[in-house]
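Listed next as structure tokens is one chain, alone, in the form predicted on its own.
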Amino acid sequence: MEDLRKAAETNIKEYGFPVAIDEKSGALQWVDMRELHLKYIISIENIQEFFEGLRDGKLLATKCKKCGELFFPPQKDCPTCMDSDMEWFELKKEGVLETLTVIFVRPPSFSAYEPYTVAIAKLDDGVRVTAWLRGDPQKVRPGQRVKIEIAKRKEGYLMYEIVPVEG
């Protein structure tokens, strides 16, 4: 990143813009000279049961009692029928891999990680889960059976991951 910044500073003088050439693609990139530090606080009071479930090794979702729509991540209110009568249920944590992408250019908040893979799986319960894929992305394919495992990130908190099922 420092190399990009230096190139952008040089190019401001020459071109008038903070641009640099991408080493991989050769494409011209805008390099913003401002740093973005982002911290946020989000209330989880209405979905606290989800986090308690993760701690107990469970993956929880919500279901609207009125229309039956399922939500993962869980929601307090149903946006379909605007009802607030929701029930919690535990997902089976197994399904099928739908797609994936490998993130080589990581945002600053994930710069401590090696390139990682984000995948989408459709669970047998009918909900889709977006999460990091554990394992070699070149050894999986859409349609492959996967499971959800709860693991601890290097920051020390629990998160769910998509894991290919062997065999």
Partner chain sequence: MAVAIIGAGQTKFGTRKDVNMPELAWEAIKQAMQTANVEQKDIDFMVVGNAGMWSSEAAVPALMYEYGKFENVGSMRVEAACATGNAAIRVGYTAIESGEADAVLILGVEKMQESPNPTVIELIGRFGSYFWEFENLGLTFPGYYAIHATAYMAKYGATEEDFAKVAVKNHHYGAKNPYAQFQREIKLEQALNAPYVAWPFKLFDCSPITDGSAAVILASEEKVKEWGIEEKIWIHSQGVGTGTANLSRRESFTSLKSASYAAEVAYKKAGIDIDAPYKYLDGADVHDCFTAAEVIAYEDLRFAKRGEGVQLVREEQTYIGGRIPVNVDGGLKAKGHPIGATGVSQAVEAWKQLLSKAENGRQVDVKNGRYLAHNVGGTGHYSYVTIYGLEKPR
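Positions refer to the first chain, counted from 1. Just so it is clear, the structure is predicted and the values come from calculations on it, not from any experiment. Think of the rigid core as the biggest set of C-alphas that the two forms share within 1.5 Å after superposition.
Below, we refer to the form predicted in complex with the partner chain, which is not included among the displayed structures.
K.L.:
In the predicted complex, does Ala131 have a heavy atom within 4.5 Å of the partner chain?
P.N.:
Ala131: yes, in contact with the partner chain in the predicted complex.
K.L.:
Hey, in the predicted complex, is Glu98 touching the partner chain, heavy atoms inside 4.5 Å?
P.N.:
The answer is yes: Glu98 has a heavy atom within 4.5 Å of the partner chain.
K.L.:
Verify the contact flag for Ile44: yes if a non-hydrogen atom of it lies within 4.5 Å of a non-hydrogen atom of the partner chain in the predicted complex, no if not.
P.N.:
Answer yes; at least one heavy atom of Ile44 falls within 4.5 Å of the partner chain in the predicted complex.
K.L.:
Would Gly68 count as touching the partner chain in the predicted complex under a 4.5 Å heavy atom rule?
P.N.:
Taking the distances in the predicted complex, the answer for Gly68 is no, it never comes within 4.5 Å of the partner chain.
K.L.:
Are there residues in 88 to 120 with a heavy atom within 4.5 Å of the partner chain in the predicted complex, and which are they, in order?
P.N.:
Sequence-ordered list: Glu98, Thr99, Leu100, Thr101, Val102, Ile103, Phe104, Val105, Arg106, Pro107, Pro108, Ser109, Phe110, Tyr116, Val118, Ile120.
K.L.:
Once both forms sit on the same rigid core, is the C-alpha displacement of Ile44 at or above 2 Å between the shown form and the other one?
P.N.:
Comparing the forms between the shown form and the other one, which are aligned on their rigid core, Ile44 does not shift its C-alpha by 2 Å or more.
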